[in-house]
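Next up: a single chain in structure tokens, the form predicted on its own.
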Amino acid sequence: MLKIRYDRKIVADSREYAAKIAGDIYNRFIRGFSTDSIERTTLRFLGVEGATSLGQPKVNSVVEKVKKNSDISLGVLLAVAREMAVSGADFQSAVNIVSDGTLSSIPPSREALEKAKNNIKRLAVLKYEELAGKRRKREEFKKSFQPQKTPLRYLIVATGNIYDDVIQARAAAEAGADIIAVIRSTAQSLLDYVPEGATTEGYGGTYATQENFRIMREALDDVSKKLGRYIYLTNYSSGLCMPEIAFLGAFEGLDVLLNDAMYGILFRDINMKRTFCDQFFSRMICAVSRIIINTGEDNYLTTSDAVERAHTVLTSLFINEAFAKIAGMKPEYMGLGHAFEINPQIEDSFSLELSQALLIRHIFPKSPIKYMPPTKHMTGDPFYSNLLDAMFNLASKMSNQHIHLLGMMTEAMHNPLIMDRYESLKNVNYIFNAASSLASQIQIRKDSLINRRAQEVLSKAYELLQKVQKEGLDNAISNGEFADIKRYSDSGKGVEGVYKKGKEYFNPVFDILLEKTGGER
């Protein structure tokens, strides 16, 4: 990889500020609050699945009934434990009673309640071991293949029909793709439930469901054996069901999840308090399941100028890294993100792009950085768009990115077809092969534009981190410091689904994950 010069002391100080920023959010929001989606994920973790007779996911029904008939601030599991203590029912039967809304009004004895809580704690341990066992098997399967060269070619399929997605995914893998991402149906992040079963209708993507995860995982494992190389599977774990999808992805063997609170807050107007809490819980699941997370800083440059506001991406990367550390994630699973989005008409635009790509790659050397293709300046001219993608591919190879999301020459025209994906793979395969050792044969001059630009972006990021630490991340977001978008802690979608934990809050799943991850809290 090409070497650049920058102030490493500023990097170390930036990490200290980011740790304080994330720690403040952890202490003020994450420690003391729970959400509807955290409670639903807790139930899923313990084996609750399926739908009611009315078609509502059972976990949604249970949480809603507890909110209506009991005290959700004490945790959904305490309501289940009370029902177990009063009726003598086992866990699943008590869940069904709560879901039906027929909670007993008789208070349980202290002894019976403690026994029920202990039974749930034992169940949580067993379910944790089951999840850990699934991940061990996944890792063993992955190790049976030779590791791929980086950058890994990341390609999206998005037909709306999971069975058609499988066809596209197989074709993409055979043409050279290393990672298949099944993009979600448009606006699924705003649904406050996870659909059940396989789906064949979706707009702009395919619904993220447990069955769809299973179908695609099985197909990619099959094609992995056929090709003799492991094919990674990605989906989206942002939005109102962030931790639920993280658990379902972990259970079904996904390798990568797009998982970022800032994305949901800024671009989907999801309540920030809820999203920070959900992100922490979901990242603990990713940590114990060794799932790579991807963050959404690349989106900042679709609403902000990619030259003037490049430092906001780096600032957010420092903060996201700090949040991941709090959740106990190791650097090799922190897939931080950035993008090739500078206006191509600017003089030396490629040098500026390469500078920023190298800076982020150097600052986060162990992280599987995800590099995003140009989208903002794509046009209806597919030949010009293909050229932009080629320059992006070259920057990615020269800066040794880890995860490389393929650009599509028809990005600005229509939802790319199989042929468009094939042409994109031809482009990246040629560039990666032709420039295989180019970076090792070049040196960057000390006084070069690339070095000067890298130091400028780093210095501005450091200044912004100081400012954010002083005023608090929530206030910084409210002031529009990121992506030039303003959001507020007391508003946004899903705000009614976040609540302060009561003194007797009971959630052994949360406790186990805290213990197993051992984050920097």
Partner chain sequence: MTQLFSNLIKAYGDRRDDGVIQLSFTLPVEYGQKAKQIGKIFAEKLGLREVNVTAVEKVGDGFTMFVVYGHCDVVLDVDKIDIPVVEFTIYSREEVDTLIGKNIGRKIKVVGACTGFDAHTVGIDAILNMKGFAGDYGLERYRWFEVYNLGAQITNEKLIEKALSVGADAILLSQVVTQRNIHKENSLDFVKRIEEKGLRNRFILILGGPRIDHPLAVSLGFDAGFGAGTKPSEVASYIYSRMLELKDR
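These figures come from a predicted structure and were not determined experimentally. Positions refer to the first chain, counted from 1.
The form predicted together with its partner chain exists for this protein as well; it is not shown, and the discussion that follows is about that form.
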**Prompt:** Which of Tyr422, Tyr163, Tyr384, Phe145 has a heavy atom within 4.5 Å of its partner chain in the model of the complex?
**Reply:** Tyr422
**Prompt:** Considering Ser73, Asn429, Ser104, Thr303, which brings a non-hydrogen atom within 4.5 Å of its partner chain in the model of the complex?
**Reply:** Thr303
**Asked** Would its partner chain in the model of the complex be within 4.5 angstroms of a non-hydrogen atom of every residue among Asp178, Pro373 and Arg452?
**Response** no
**Prompt:** If we take heavy atoms and a 4.5 Å cut-off, which stretch out of 184 to 192, 108 to 116, 290 to 298, 274 to 282 is in contact with its partner chain in the model of the complex?
**Reply:** 184 to 192
**Request:** Indicate whether its partner chain has at least one heavy atom within 4.5 Å of a heavy atom of Ala412 in the model of the complex.
**Result:** yes
**Item:** in the model of the complex, Phe350 touching its partner chain (heavy atom, 4.5 Å)
**Value:** no
**Asked** Can any non-hydrogen atom of Gly204 be found within 4.5 angstroms of its partner chain in the model of the complex?
**Response** yes
**Asp484 within 4.5 Å of its partner chain in the model of the complex, heavy atoms** = yes
**Fill in**
When its partner chain is considered in the model of the complex, the residues of 241 to 277 having a heavy atom within 4.5 Å of it are Arg268
